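Okay, so we've got the same protein chain twice, two forms, each given alone as structure tokens, structure 1 and structure 2.
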Structure 1
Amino acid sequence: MNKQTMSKPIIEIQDISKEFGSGPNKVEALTNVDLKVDSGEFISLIGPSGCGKSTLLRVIGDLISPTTGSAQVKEKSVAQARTDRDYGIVFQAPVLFEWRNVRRNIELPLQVMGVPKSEWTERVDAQLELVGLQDFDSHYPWQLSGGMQQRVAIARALVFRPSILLMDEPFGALDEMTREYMNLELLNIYTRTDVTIIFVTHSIPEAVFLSTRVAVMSKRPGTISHVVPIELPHPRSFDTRETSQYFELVTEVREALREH
């Protein structure tokens, strides 16, 4: 797999810090975070609980504002990038509407954005095929497994064709076997699209298996202490997890975490 990269980073984080509260209740979540992401990369953010991984993702997604520093997406402010629908977001919970079937859940962004209704069927069908849910378009969320619900959430996040996908521990609530299967599904989606992915996880094996680079964060206040390139060949499979190169990279990320 050879994804094309832009001459300029698609995401550029410079000296980001984030504080919550004030006075004796002030919490410093992030400090002096720098990160550049090229188009077509898959970057995992990993670190100890409370180190600010999700906070950093929310800064990139313009869900919260940094206290200091700057964040740009495609050479514009994150606020403008959000207005321009440059990214989709997937959270740990699928957040599907129980009264809407799979097709109507995926259609929702198109409806909100005012995309002509004549385009809905083609766009939704493409996403259903991408996530392997062609035969479940009329099912409701309560009729689906946890992994299938999360695939609907991913399809919904991609249906308006964003260039960036932000994922905040999307498989954290799944059992281990389902999680490993969803890792393969996500890699399939990643290799079949032009999307750039920023992925928050607590799992070292997951981060190594999925990523082009793993950004290791220190304990709070979080900063990026190491960036580990992941040069595992594509396509990746369950057998990838049995290779010596994979185990060496898992060890490298684990040791980087232990330093902090």
Structure 2
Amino acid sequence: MNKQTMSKPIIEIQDISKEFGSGPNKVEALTNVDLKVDSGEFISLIGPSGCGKSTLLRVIGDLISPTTGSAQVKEKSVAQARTDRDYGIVFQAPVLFEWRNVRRNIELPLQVMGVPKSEWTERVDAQLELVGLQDFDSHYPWQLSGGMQQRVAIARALVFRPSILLMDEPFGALDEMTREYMNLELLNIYTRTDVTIIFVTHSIPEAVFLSTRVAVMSKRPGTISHVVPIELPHPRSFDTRETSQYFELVTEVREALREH
């Protein structure tokens, strides 16, 4: 299945750099980052800890602004894209509102974005089912395990149907079984919708299994050193992980990472 139909890239990043602080405390988090993402792609960012993956994601999401360079989304500024609510974001931590129960947490973006109230229940129910938390809608975050909290965060990011999903190690806190299940679910969501996903991970197998391309980042100052296209056919399943093509790609990404 080839979802790349639009000719213009949906995300276009040109020569971005980002510095934090100044003087002796200056940290160069990103240098010369270029990235073009076509609509409907699934890009994984992989690289050593502290190489600027989260920073790059936050630049795309207009949560911080780059020191130099330009970032455009759908041929408009990232700021405009944020105002247009093009982004769904899943952070490394669940970031739930502790005074809201699960249902009301997932309702939050609908509420803020002014989605008619009559649609809330149906939409939230669909997300709850997707992440397997139907029985927990009235629980509060502190009553859930870390993995369950993260699934609530994913449901919350999907509920308003953003065109771009920015995910920062969303499954890092999950156990291996849940993680594999969530991988399949994410692929499921990805193939059923035309969402474009930027996905930060530390796991090479996960990156290969999910992505259409894996962007390998080098150590600080972070930049994209290799881009490995993943031509595994869709739909992918557990069996995909046993093909020789899959193993070759995992090796390729691993070697790209090792070069630094």
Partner chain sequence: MGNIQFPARKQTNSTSQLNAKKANLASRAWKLMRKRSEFVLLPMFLILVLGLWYLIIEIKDLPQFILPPPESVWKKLIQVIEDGSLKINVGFTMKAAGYGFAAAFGFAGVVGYILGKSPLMEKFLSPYLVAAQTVPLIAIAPLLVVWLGFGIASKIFIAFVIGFFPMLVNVIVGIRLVNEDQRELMRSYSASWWQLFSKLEFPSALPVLLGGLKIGITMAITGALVGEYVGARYGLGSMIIHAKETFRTSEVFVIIFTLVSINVILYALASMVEAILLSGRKREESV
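What you see is a predicted model; the values in this text were computed from it and never measured. Between two forms, the rigid core is defined as the largest C-alpha subset superposing within 1.5 Å. Residue 1 is the first residue of structure 1, and the numbers go on in sequence order from there.
- As summarised for this chain, the second structure is the form predicted together with the partner chain, and the first is not.
- Hinge motion between the two structures is captured by two rigid parts, the smaller swinging by 15° against the larger on C-alpha superposition.
- On core superposition, Tyr140 has its C-alpha offset by 5.0 angstrom between the two structures.
- On rigid-core superposition between the two structures, the C-alpha of Trp120 is found to move 3.0 angstrom.
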